[in-house]
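Shown next as C-alpha cells: one chain only, the form predicted alone.
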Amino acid sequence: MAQLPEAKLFIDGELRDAAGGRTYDVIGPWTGEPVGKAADATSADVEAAIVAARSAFDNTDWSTNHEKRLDLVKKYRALFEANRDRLSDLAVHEAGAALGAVSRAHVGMALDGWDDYIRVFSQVTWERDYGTRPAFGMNHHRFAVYEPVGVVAAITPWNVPLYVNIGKVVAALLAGCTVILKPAPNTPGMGAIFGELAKEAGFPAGVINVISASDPAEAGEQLVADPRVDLISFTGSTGVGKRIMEKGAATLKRVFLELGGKSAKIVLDDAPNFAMDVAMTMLLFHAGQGCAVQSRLLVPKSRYQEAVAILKQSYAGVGDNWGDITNPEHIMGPVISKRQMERVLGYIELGQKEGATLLHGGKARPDKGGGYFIEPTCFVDVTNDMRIAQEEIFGPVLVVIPFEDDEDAIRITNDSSYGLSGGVSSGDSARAMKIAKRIRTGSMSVNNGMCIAGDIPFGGYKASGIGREWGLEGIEEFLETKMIATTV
C-alpha cells in the first residue's frame, strides 16, 4: 500500500508543522492501516490562520484586483492538472475511491468543475445601475456594487474531498475572499495539496490557508465562533450543520450549508427503459457515500414484483465485481472508516428488525481486505415510515418502496426531512416534468437528465441545507451587496 506525503499546514504563505510538531496517522479505508501522517493543528495554529486570512483581506488588493485573481486561479488550476496522478492517489488511499470512480466525481469531474468556475467568472455582475429617482426635490442616482464577503472558512467532508474543496475554495477566491480550508480528519492530504500548490502558484501570503486536525470538531468550532471569520461554507451532516448555525449566531455569521440527503428515484409505470432505470439505482458508486445519491427507489405497485426481480438479477450480476483496488473497472470500494462501517451495518440490522426484506447483501466482507468493506445491499418491502427510508445511511444500501399512483409517489418523495436531489422516469415527458416540479428538492433529474454539474447551482431544500454551490451562483454566494446613491 502506498505511503502518502505528510500533510502539512499552510499558514500565511508558508508550509509548516503544527505547533509542538503534533501529528496523527491517516488510516487507509482499503487496509485499516496508516497510509500517511498529517499535521495536527492546535488552537494557536487556527488563530494564526485567522490572523493571516484577515490581514490578507483587509490590507492587500486581493479583494479588488479581479484580473490578478483570475490569472492566479488559472495558474493554480494548471498546477492541479500537473498533479493529477497525485490527486488520484489521494482519492484512492485517503478517501477509499475505487479506480473506476477516480475519473468521475473524485478527480475528473472535480477539475472539470474548476474549469466551469473559470468560464462563468466573466458573468459575475460587480456593479448594477438602478437608475435615477426623484425624491425631496432632488434626483438620486442609485447603483449597487457587489463585494467579497471577507474571510471564508471552508469546512469540508471526506467522501469526495477534492470535488468539495474546489467547489468552495475556487469560488471564494474568484469572489475576492481569503480562505481557511479545514478538510476532514480522514482526508487531510487532499486539503494540504491546496496549500502546497498555492505556494507554488505564488498566491499572496494569507489568501489561502490550510489546517488539518485529528479532532473533527475543535478547529471548526473555533472558526465558527470567531468574529473575524465572515462566512462558514460547510458540507457534511445535517446535525453538524445545525450546530454551525447555532454557534455562528453569536456573531451573526453568514453560513452556506450543503447537508444530508435521502433522495428518491421515481420510476413510473410507462418508463420506456423500466429495467434499466430500476437497475441503475443500485448503490455501488463509492459505496453509496454521496449526499445526492438516489437511495430510495419508488416503483409502482403494478410493476413492483417485476422491479424486485430486476434488482435481484442485477445485484447477482454484480457479484464480487467490486472492492479490488487494482481493478480499473470497479467503482465501489470500502466505506471510509471502521466507525462508518459499524454505522452502516447498524442500519442494515435495523432494517431487518423493522420488517423490511433483505434482497441482497447486508454483510461486512473482511475477505476483501483489512479495511471497511460492506456488500452492496438492497431492502425491499420497505415503507416510507421506516428509519431506513427516512434517515441518511451514507453507505451502499438501497431501499425500494411501492406507490399507488403519481400523487402517492409525490407524497412519499416529499415525506422526508431532506430535499437535495432526486429523479423521475416516464415515457411521457410532460407527466415526468409535472412531477419533478412538485418535488421539494434542490435538483431533479427527468429521464436521467444530468442535474448536477460544475456550471449549474447545487444545493438543497429543508434539512439538506442553505445556499447554492457551483456555477455562477456558487461564486455569488461569497458576495455582499452594497447600495450607493448620489444626488445628480
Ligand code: NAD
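Please read these numbers as outputs of a predicted model, since none were measured by experiment. One-based numbering along the sequence shown.
Same protein, other form: the form predicted in complex with nicotinamide-adenine-dinucleotide (NAD), not shown, and the subject of what follows.
field: 4.5 Å heavy atom contact, Arg303 to nicotinamide-adenine-dinucleotide (NAD) in the model of the complex
entry: Output for Arg303 is no: heavy atoms all beyond 4.5 Å of nicotinamide-adenine-dinucleotide (NAD).
- prompt: Should Gly351 be counted as a contact of nicotinamide-adenine-dinucleotide (NAD) in the model of the complex, where contact means heavy atoms within 4.5 Å?
  reply: No, Gly351 stays farther than 4.5 Å from nicotinamide-adenine-dinucleotide (NAD) in the model of the complex.
message: Test of understanding: in the model of the complex, would Glu258 fall inside 4.5 Å of nicotinamide-adenine-dinucleotide (NAD) by heavy atoms?
response: Within the cut-off, so yes.
field: is_contact(Ala217, nicotinamide-adenine-dinucleotide (NAD)) in the model of the complex, heavy atom dist at most 4.5 Å
entry: The answer is yes: Ala217 has a heavy atom within 4.5 Å of nicotinamide-adenine-dinucleotide (NAD).
- prompt: Heavy atoms within 4.5 Å of nicotinamide-adenine-dinucleotide (NAD) in the model of the complex: which of the stretches 276-284, 184-192, 295-303, 407-415 has them?
  reply: Among the candidates, contact is made by 184-192.
query: Out of Phe203, Phe379, Trp114, Phe394, which one falls within 4.5 Å of nicotinamide-adenine-dinucleotide (NAD) in the model of the complex, going by heavy atoms?
result: Selected residue: Phe394.
Selected contact from Gly323, Pro157, Pro402, Gly371, since only one has a non-hydrogen atom within 4.5 angstroms of nicotinamide-adenine-dinucleotide (NAD) in the model of the complex: Result of the distance check: Pro157.
- prompt: Does nicotinamide-adenine-dinucleotide (NAD) come within 4.5 Å of a heavy atom in each of Val46, Ile50 and Arg254 in the model of the complex?
  reply: Per the other structure, none of Val46, Ile50 and Arg254 touch nicotinamide-adenine-dinucleotide (NAD).
Members of 226-252 lying within 4.5 angstroms of nicotinamide-adenine-dinucleotide (NAD), judged by heavy atom, in the model of the complex: Those in contact are Phe234, Thr235, Gly236, Ser237, Val240, Arg243, Ile244.
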